[in-house]
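We give structure tokens for two forms of one protein chain below, kept apart as structure 1 and structure 2.
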Structure 1
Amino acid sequence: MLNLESNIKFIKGVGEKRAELFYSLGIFDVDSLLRFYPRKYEDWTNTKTVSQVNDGDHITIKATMITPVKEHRIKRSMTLYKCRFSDGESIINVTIFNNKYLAQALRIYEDYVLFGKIDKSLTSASMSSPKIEKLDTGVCIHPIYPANGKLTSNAIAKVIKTALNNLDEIPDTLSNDIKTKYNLISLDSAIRQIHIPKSEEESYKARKRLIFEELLTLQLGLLKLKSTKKDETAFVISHDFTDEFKKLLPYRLTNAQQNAIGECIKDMQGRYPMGRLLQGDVGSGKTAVAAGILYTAIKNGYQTALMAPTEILAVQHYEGLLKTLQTTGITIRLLTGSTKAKEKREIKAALIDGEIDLLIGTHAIIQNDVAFSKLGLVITDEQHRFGVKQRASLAEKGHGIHTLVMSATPIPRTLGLILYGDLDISILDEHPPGRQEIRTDVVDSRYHGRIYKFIKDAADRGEQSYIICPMVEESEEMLHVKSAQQLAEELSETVFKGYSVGLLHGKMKPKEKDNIMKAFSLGDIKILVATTVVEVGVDVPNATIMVIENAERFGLSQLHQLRGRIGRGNKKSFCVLVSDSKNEASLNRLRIMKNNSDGFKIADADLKARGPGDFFGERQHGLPKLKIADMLEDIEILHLAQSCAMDILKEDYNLNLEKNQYLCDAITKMFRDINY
């Protein structure tokens, strides 16, 4: 007998060698085997005879083999096997390509089921490479698994069947109350029916149960990761210093900015800690909102922290805020991965002594050995780049501290529910005035001559340009870097001879990146050739041109983020998307960029064009990988799972009750494998 923990090599018919193939699919024990769900099903139950179907139909036919297999060797790599079947009325000529294993297994006068497309003429019927199974096991719903080369879907199905036949009832993760309330079948039935459904109805019920369980596990795990929002805060803000703050700015805050600041301050005046998400398109001025809130918190005597996802952005925030707050006597320090050990020690000491009012940095500031004396507010910029767990660990730095997360990525409501279910939301739906619309054009590479002339003319006027290099697969980051290096070199020796060309890519040391960005913002570098490292947040108002090579390789939201780097000053700005793609769909996506400047609209279009995968890229959000649920498709079950999760925690916050033990294990398992 097997149990869930049994290694799959102990399943009959697997053994050491095949086990290796399963390992490569991430299947190690019976449990992970059973959780390897079918991608889809083929329904072989609706059998027909040749006379009942039309030419070209996809059909299932019960038939008897009536001639032996004849082998025809066409060339070295191609052998055809031909034989005939009869369905009792008609003869079907069957051709099998190359599949010697199948051809040899067929026996004359035996009964089979054939599944595939039929070619029918007045006088004959034939099937080319149909799937063939024995009659007694074939007429059923066949699961199709995501197979990999050596391990076919059929082979996986067989092993799963064997495992299920040698397994006692699978213990349930959900209590009877929950199953009754949400009308769910048992885990044991669900697992058996997802692999071997007797009807569509059965597979539907199995899916529903498994999706519910997966989303419930996810939601419970996330809720437990989240900060202890319910605790009262000790960091109550008594005075609002926004009017004083406004005098520090060279411009007037937009109404949207003022409202957002007001909402945050109102939160911080309450009894519970603020937990808020600030959503605003690129360029909507989130930094000023952050600064305003930080100012009031600091003036009320609290320490504060501002976290950015990259070093470049942290440095930029540091320099910007130093400037804005220079006359206020507020002490600001920068702590990143490249801060020298000695300075780090000094900063840490000053933090504990409460001498630092505002600490800006990368996630280096949430490392365990950084302690504050009275941290009251933490702001996280470009939140979508942080893992959920990082946010939670920051919240643990202080009990009941206020948190604000800022994001330029419009987040579909569903994902918001998962990631930010406990947060209130403020939206900046207004851009600062005086902004120029960015003109966007889609061109092919024949235009390079004109583009380069355009860039030179801009440089002669004192304006600056970005050239973003073609994207390559993530696994080939080095290639990406190389292409950027090559392009920078080539351009600076040819068309841009005499102009200062800079290079920026992800593999450079933080210090180098920093120097390049500085030179670019000072205008010493006129033309910056870069990879997507500039995507997040950098602010150089004098940059007016952005050229994106092979634009079809980028996601729309990413293009929008990149484009957000220009048009930040008062000069007319231009974005040129270069693509030689002939693919209509790709070009249409680029045209969406040309015709839209609203990030939310673009994100919507992107979501439709590419599907949810990119939004829910689990690595980007720090979410565990889901096996069966799809957060966009399964929104209704998600709602149920969310309310169920709340109920469970209300009754048993620490999941100590006997009936919640299997769920508790499931959570541990789901979250165990993520690296934050």
Structure 2
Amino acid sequence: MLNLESNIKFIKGVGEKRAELFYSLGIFDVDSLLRFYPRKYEDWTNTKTVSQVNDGDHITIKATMITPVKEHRIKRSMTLYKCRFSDGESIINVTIFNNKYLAQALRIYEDYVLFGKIDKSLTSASMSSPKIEKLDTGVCIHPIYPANGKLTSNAIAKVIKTALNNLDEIPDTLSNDIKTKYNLISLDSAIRQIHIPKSEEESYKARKRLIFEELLTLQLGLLKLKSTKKDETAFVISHDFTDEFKKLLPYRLTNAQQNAIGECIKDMQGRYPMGRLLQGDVGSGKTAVAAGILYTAIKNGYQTALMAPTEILAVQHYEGLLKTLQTTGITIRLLTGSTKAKEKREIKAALIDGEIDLLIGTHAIIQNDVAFSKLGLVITDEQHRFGVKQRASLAEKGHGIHTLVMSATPIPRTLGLILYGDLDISILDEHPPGRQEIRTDVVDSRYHGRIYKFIKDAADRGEQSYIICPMVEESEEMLHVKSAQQLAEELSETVFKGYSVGLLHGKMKPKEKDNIMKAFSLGDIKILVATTVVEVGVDVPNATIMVIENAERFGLSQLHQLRGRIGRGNKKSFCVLVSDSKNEASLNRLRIMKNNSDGFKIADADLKARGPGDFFGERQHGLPKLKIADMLEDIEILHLAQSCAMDILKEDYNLNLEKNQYLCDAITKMFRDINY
């Protein structure tokens, strides 16, 4: 008998050599084999005769083989095998391509099931390369697995069946109470029925149980991550200085900004360190919220740090906060890769001595030799640009310190708990008054002449423009798509001759990129041709036009982020999406951009269009990979799993009860490769 830990090579029919093929699919033991779920099913239970079907139908036919197989070698790499079957009424001519194993296995006068497309005329019927199984095992629902070249779906199915036949009952991960409350079948039944369902209803019940378990395990794991940060903090905020901070501002905070500051201060007044995500659309005023929280933390006697993904964004934060806090006596320093060695030494010494209240910088501030005297609060801007390890490195500069991460990438509200399950969430869903509405238009390339005149007129008025391209360099695969380099050269020599045209892309060295962005923000460059590297960038209030070439090649959320680079001043701004696509789905996505300025609505539409895998970018966010659940399709089950997770942790926070032991093991397994 096998157990879940048995190596795949010990299953009958596998062995050492074939095991290597399973290893390439991430299957190493019986457990990972059984968790390798079918991607779809083929229902072979509804059998018909030739007389009951039409030409071109995909059908299942019970038939007897009535002639031996004849081999026809067409050329060196192609062999055809031909034979005939009868369904009792009609003759079916069957052709098998290059499958010697199947041809040799067929026996004359034996009964089979044929599954495939039928080609039918008044006088004959034929099938090319149908799937063929023996009658006693073929009339069933067949699972179809993701396969590779040498390991077919059929071969995987046979090995799984063998494993299930040699496995005792699989222990359950869920208690009887949970199974009863949520109407779930046992894990043993679910595993057997997902691979060998007798009906559509059986496969549905199996999927529901396995999806629930996977989402519950994920949610518990993320909530447990939050609990690991529950060591009491030494940096308790005793007094809220928000009212004092508001007097420093030349404008009024929105209600959403005030609520977010209040939520953060309340967290920092508690016994445990704050772990919060500040999520806001482009232009919603996250920086002002960060400033308010930093101010209160500093006034309570703690050092603070703000980390940005690029040097130019770090400089922007530094200059902005220096201006806001200039009358307060707060000491602010900037530390980036280009800070001179002597100044770096001075900053590091001042930090240890407690002479710096706020350190702003890039990843340079998480270097090992950067130490603080009394670091109480860390804020990470555009956090999705940092790896999980980088964010953790900054938090480790102190013990039990408060952490705020900021993101301008709206995540659909229903999925926020999954993606940021280890953080509490504050949402800025208002724009400060005076923020310009950006007019967005969708046009084709015939409009280029008018667009370029529009850009020149703006430049003559002293305004600036972005032109965004999907690629850095020319590509053979996309000959009709101009690269940023090609377009910048072409435009600077022709239509924009006499105007200052800049080029910015991700393959440039960091210093080179910073110099270009500085020149653009100072107004020295009037027209900036760039790739999506400007998606996260500095405020250039004078930039009023953005043209996005081949706009259909960008995701909706990315287009929205790019559009957020303009409309940051008091001048009317325009975004032009250029696309020659004839694909209606692509054009509909661009129309969503034209008609929507709400990043959250756009994020929902983007998720529906692209699916959660592309949307999240698992590697970037450090999410465990889901094997059966789909966060978009399974939202209802997700909500049930979230509710169940809360109930479990209320009763047994450390999962010490015997009934929760299997769940505890499942969490460990799911998160073992994720480095938080």
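Note that the rigid core is defined as the largest set of C-alphas that superpose within 1.5 Å between two forms. Everything numeric in this text was worked out from a predicted model, so none of it was measured. Just so we're on the same page, residue numbers count up from 1 along structure 1's sequence.
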Lone-chain pair; form predicted on its own identified as structure 2
Return yes or no for residue 214: a CA shift of at least 2 Å between the two structures, with the rigid core superposed?
no
Given a core-based superposition, decide whether the C-alpha of residue 195 shifts by 2 Å or more between the two structures.
no
Determine whether the C-alpha of residue 82 shifts by 2 Å or more between the two structures once the rigid core is superposed.
no
Fit the two forms on their core, then tell me the C-alpha shift of residue 271 between the two structures in angstrom.
8.7
Would you look up how far the C-alpha of residue 281 moves between the two structures when the rigid core is overlaid, in angstrom?
3.6
Core-aligned CA shift between the two structures for residue 512 (Å)
7.4
